[in-house]
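Here you get one chain, nothing else, as structure tokens; it is the form predicted on its own.
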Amino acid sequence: MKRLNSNQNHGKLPVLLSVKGNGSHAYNSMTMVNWLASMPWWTPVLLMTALILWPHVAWAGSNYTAGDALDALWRWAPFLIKSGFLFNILISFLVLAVGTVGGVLLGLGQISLSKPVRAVSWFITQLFRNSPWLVILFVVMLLVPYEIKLFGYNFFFPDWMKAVFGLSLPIIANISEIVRGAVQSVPNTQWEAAEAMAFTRNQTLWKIILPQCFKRMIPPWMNWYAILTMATPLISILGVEEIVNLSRQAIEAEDNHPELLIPFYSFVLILFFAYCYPIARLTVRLERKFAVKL
């Protein structure tokens, strides 16, 4: 705070000027991906080295050696990657596809001229944006039946389909906010110019506004894909046989040796890090490239 000199302001009461902040503490939705992308290239190497050396402390007093644990991991690694990790990636693609379509529709609903449509879209967005993903999955697991009979036909909902539906809800809500924010970031002069040229609202939205929003939406969209991929192990609570679930089964098949926990779950960690780290780096690069120049 700064006090004005009374000699320079004769006849006036002294005032306190507000401090001008530098905005360094402003909220940034890209915080997680920026932090991940800021790690140097040698971080995975250092992480892998630490994960390899740390288990030797536990193995020192055990008959089950490090070689035995690594041999077990080597035998199970192809199965864990092919039947586990690749299925996690497939689930993430399906969830992102459903979430993108639903999020675009919900985001456009938030900017609708109809007040009831805006209110409903806003409520759905805020509900699933501010709900824990694990709780959403539990609710989906309990409410969605395994089988529905309609018009004499039986429709089955396997565990993986419930997982896709459950994870899609928060993704839809967050992409809805991305769409709404991108549309509202376009200057009002664009709308006014389109109106002066006798464009309808739909023509203005689809031919003028949304094409400008596309580049702006790519970085946060990729950011949410990275977050979604790292959240896919949550679907193990639905009984889906993804990599974490299969790793637990593999450890049980190897007689539940405690020494297997660190190698197997470290292997899972390395797989996710190796997949998500390049996405984070690319996201930051695209964010800088497509940043709005003011």
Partner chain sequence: MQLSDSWSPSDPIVSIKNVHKSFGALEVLKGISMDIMKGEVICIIGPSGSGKSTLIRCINALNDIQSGSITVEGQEVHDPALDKLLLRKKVGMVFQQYNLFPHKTALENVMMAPLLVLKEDEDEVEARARKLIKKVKLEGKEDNYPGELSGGQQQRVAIARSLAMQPDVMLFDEVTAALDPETVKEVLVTIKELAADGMTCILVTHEMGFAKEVADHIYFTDRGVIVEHGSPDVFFDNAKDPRTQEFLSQIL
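From a predicted model like this one, the values you see are computed outputs, not experimental measurements. Numbering follows the first chain given and starts at 1.
Keep in mind that the form predicted in complex with its partner chain is missing from the display, and what follows is about it.
Exactly one of the stretches 117-125, 91-99, 161-169, 191-199 approaches its partner chain in the predicted bound form with heavy atoms within 4.5 Å, and it is 191-199. None of the heavy atoms of residue 131 is located within 4.5 Å of its partner chain in the predicted bound form.
Within 4.5 Å of any heavy atom of its partner chain in the predicted bound form lies no heavy atom of residue 145. When contacts are judged by a 4.5 Å heavy atom cut-off, residue 112 does not count as touching its partner chain in the predicted bound form. Though the partner is left out of this view, residue 154 does not reach within 4.5 Å of its partner chain in the predicted bound form, counting heavy atoms only. Contact with its partner chain in the predicted bound form, judged by any heavy atom within 4.5 Å, is made by just one of 208, 218, 141, 105: 208.
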